Each structure stands twice: as C-alpha cells, then as structure tokens.
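Listed next as structure tokens is one chain, alone, in the form predicted alone.
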C-alpha cells in the first residue's frame, strides 16, 4: 500500500522542489519580509500620536495576542500546504478545509501582494533617487521649505530634479527591473542572497544613525536639544491614553504593518520547508528581529534627530504629515546640519536602509505570485518573474501618474490595510475552528527546537480570532472623534477613517464631483505661492503643516492671487476640473478588477489541476 506522503510526492509535487539554503537565510528573508518602511517611518509617528511610551503597552499586548499567534498560524499553514506542492494561499487554505470558499478567501493572499507591490516598488524607487541626491549634494544649502518642495517636484512628472525627463518613472522602472531580476534567480539564489546582504546592511545603517542621533548635543551643529530628549519624549508614557480605543486600534494596525501578516508572503516562504523542519523557533526569531529593528532602531532615528533640531512642539505638529512627510520632506534638511560629508553619509545610510527594508519586503510580495504561476500553470521561473514585473508595472503606473490625485493612498488603504486585516481574520478562524486547533497545534510544535508555551494554544483558539473580529467591526463603525459613547440604535456620526465612511467618501471636502467648473479650497488657509516652472503654473495653499499644491492646466485660470486668505469652499481655479474623487473611484474599480481577475485565475487553476489535487487527498 502506498502512503499518502509518497503518493503525493510522486503524483503531485513538482519534480524539482526549491528549498532554502540555510536556516539563517530563511530567518533573514522572513525578517526582511517583515522589516519595511513601517518600521522606520510609521512606528515613530504612531507612538508619538498615541501617547508616547504608553503606546508600547497596547503595542506589546497586541504583539502577544495578535502578532505571534498569526505568525505561528501562517508559518504552520505554509509548511502544511507545502507538503502538497502548494506555495500560494488559495490552495494552501483549501488544503486546510476542503470547502471552495477558503480557496477564494485565499485570493487575498495573492491580491494583497500584487496590489501592495505596485505602489511599494514606487516608494522603493524614491529611496534609490534620494541616495543619489544625497551623494550628489543636491540638498546642500536648501531651506526646510525647499527640501519639502523638492519631494513634491520629484513626484511631478512635469518637473525634473536632475534634468532627466520623467525622472520618477525612470527610477520606478529601474527598481522594478531589479526586483524582477532577483526573483528570476530563484529562492536561495535570489531572494535568500538579497536578504543576507540587505538585512545586515540596514541594521548597520540603522545603528549608525541611531548612535549619531542620540549622541547629539544641544548647541552643537545647530541642535537646540540633546538627542536623548527625543527618546525621553518618545518613551514617556501618558497612561490616560490606555483607555482610548483609538490607541488600541492604532497598536493593532501597527502590528499588521510591521509583521507583514495577512499577506500570504509568510505562508509562501514557509511552504518551502520540509515536513519536520522547525517553524516555531523560526517564527519567533524573525518576529523578535523585526521588533528589535522597529522598537530599538526605528524609535531612535527620526524622532530624536527631529526633536534635536525642531523641539518637541514642532515635531508633534510635523507628525501630522505622517512618516513619509518626516522622512522625505524633513530628514535631508536636518542631515545638512552635520556638514556636507556627514550629510552625504547620513543620507546614504537613511535612504539606503529604507531601500533595503523595502526591497526585501517587495521580493517577499513577488514570491507568492511567481510560485502561483509556476505551481498552477507550469510557467518557468524567469517567465513567472517577468510576468510579475509586467503586472506590477501596469498596476503601478496609476500611482506614478496620479500620485497627487490620491491613487497611491487608495491602494495603500484598501490593499495595505483593509485587505490584510480581512485575510488575517479569516485565516485565524479557519485555523482555530475549521482546520482544528489540536491538528494545528501539532503542526506548530512538530520538529520545534523550543517548547512553545501552551498559553498560545488557547490564545489561538479563543483570543486571536475573536479579537480580530472585534477590531474589524470597530474599524467598520468607528464613531466620529473616537467617541464610542455616541453608539446608538438610531445611528451615529462615523469617523472619516472608518471603513464605511471611506466607502461613502466622507470627509472628501468640497470637491465632491468627478467633473466640475471650479476647484475649491479644501481648508481655510493662505495662498502662499503662485509660481511658474517647467512650463506650468502651480498654486500652493497652506495652513500650519497642511499644504495643498495644485497644477493649473492650460484651459484653467486662477481666481486668487498670492497672499489671499481663503476659507474652505472658496473657488481657486476655474475651467475644466477633474477632481480627486474621480481618480479615487477609478483606483477602487481597478483594485476590484484585479481581485476578480485573480479569483478567475484561481478557478481555472483549480479546474486544470483538480484531478491531481483529488488524487493527493
């Protein structure tokens, strides 16, 4: 009698199965998958905006009851599916429970990677450009406002900061080509080698910047505070924030961002492990390495350096710009205070670590897509990698062309936030209540070099899935001003960031129509600049740290002049106007089309391989 395992290997698994070259390479690849822009740009901002040191308490709680359990679920699910030759989530999930619905829920694990990679690679290309500009001394002598404006100019394809036409597009193509080439080199020959180089380098760069920032002294090189002042501010707790549900939602959201759970990348990486290879130790090792990079390094660079030069109040105000604003619009200016040589080194280190953090993550996004095309449709690796590159180029072009129209933000919200959470919620339900916790726990602990605390067994069954459901519902119905006392059977005003409010375009401002005769001011403020450059006219409206840039088209004309005080709803431009809401809805339709397209591919892949699949059960 033929055992199932031998039968599967003979009839279903590919003739040549890829594998990791070493445990170190696997852990570094997994850590590289998790370590990304969020560690250095998002975490410090979230901590400052949500109670400083008090934020770390809900953050660590969410790490224990959400982060580590989801890591264990995804590692064990991936290794389990890999025994049957599956390396993408639609068929991994269907192996765990043979209902077709799970196969289509698994589509999120491919969709998220495709959609996120399409704008993530664009962000990576910014870091490549900023490394070049740091070395070239581009920021030398620039004011703070000019450095911030430089970022806006870089994203505008009508303007070139180097003299090279369509500079941002060129760097995007270069970055995407590098990702595609590495993916074509295979798992151990490409992804693992890139992780072995990238992860240690970003840690070295991070340590250099953290030491330089913390050792800053007031009165030296223009600093107004010691570097340690920023750390004290970041980690001084305000315990009243612990009772605020907003802080807990932010902490849970940061855990998803930082560990890259809910994407399908972890399952794919783990699916290349052998049946009895240790997953528990690997999962915890990769998780702890990510936490070291985020909490220790990520919390010791941007905020201490910024507070050293701007002071606490100004930095709290600047966090309203988010991590991208602080990172790209502010840090190059601050580095210039260290002198031209050190500024160049610091710029290369900062944007270099962001690049390595980014590319190790985007490679993790590409691997499940490449594996899906190889496993289910028989594509060769190079062809599958090229297919991924072409797909990301096509889907990413709207973020390049229409960044200022909100396409980038829509991609990030729906694929980089909502999609991750929905998929993680369903996979935790599947693991605990359908696959079966006893079977799942055996999968987690088999071959483990460490003893996994039994505590996690009960967290996996009762706490993690229930908490994910609660947080998801809370994100749907989040009340205005996070005032949960407003909840009523008669209804309540929704927070602009709630999922339902986002679907309704709540808070979109006065420019609500797709097409209009006028473009209206989004908020009260001052027209601070009207300038002509690179053949166009640009209008800038500012109020505190908020700013709005609008490029006046050829058939449009201004209704305001520099220095005018305007209120929200004041007409600024007259002509044929296409508003952001049009591009936002087009982005949503495009993302939905991609999801449906992947679901159709999954259906045909199922039909194509159904006989082999059924034989291996």
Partner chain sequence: MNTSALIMMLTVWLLVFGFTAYFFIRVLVGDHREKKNGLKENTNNY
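These figures come from a predicted structure and were not determined experimentally. Positions refer to the first chain, counted from 1.
The protein also exists as the form predicted in complex with the partner chain; that form is not presented, and the subsequent description refers to it.
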| property | result |
| --- | --- |
| Contact test in the model of the complex: residue 447 vs the partner chain, heavy atoms, 4.5 Å | yes |
| Distance check, residue 237 to the partner chain in the model of the complex, heavy atom within 4.5 Å | yes |
| Heavy atom of residue 274 within 4.5 Å of the partner chain in the model of the complex | yes |
| Close approach of residue 174 to the partner chain in the model of the complex, 4.5 Å, heavy atom | no |
| Stretch in contact in the model of the complex with the partner chain, which is absent here, among 401-409, 277-285, 520-528, 134-142 (heavy atoms within 4.5 Å) | 277-285 |
| 146, 473 and 482 each touching the partner chain in the model of the complex (heavy atom, 4.5 Å) | no |
| Proximity to the partner chain in the model of the complex, single hit among 154, 414, 292, 426 (heavy atom within 4.5 Å) | 292 |
| Residues of 208-229 having any heavy atom within 4.5 Å of the partner chain in the model of the complex, listed in sequence order | 214, 228 |
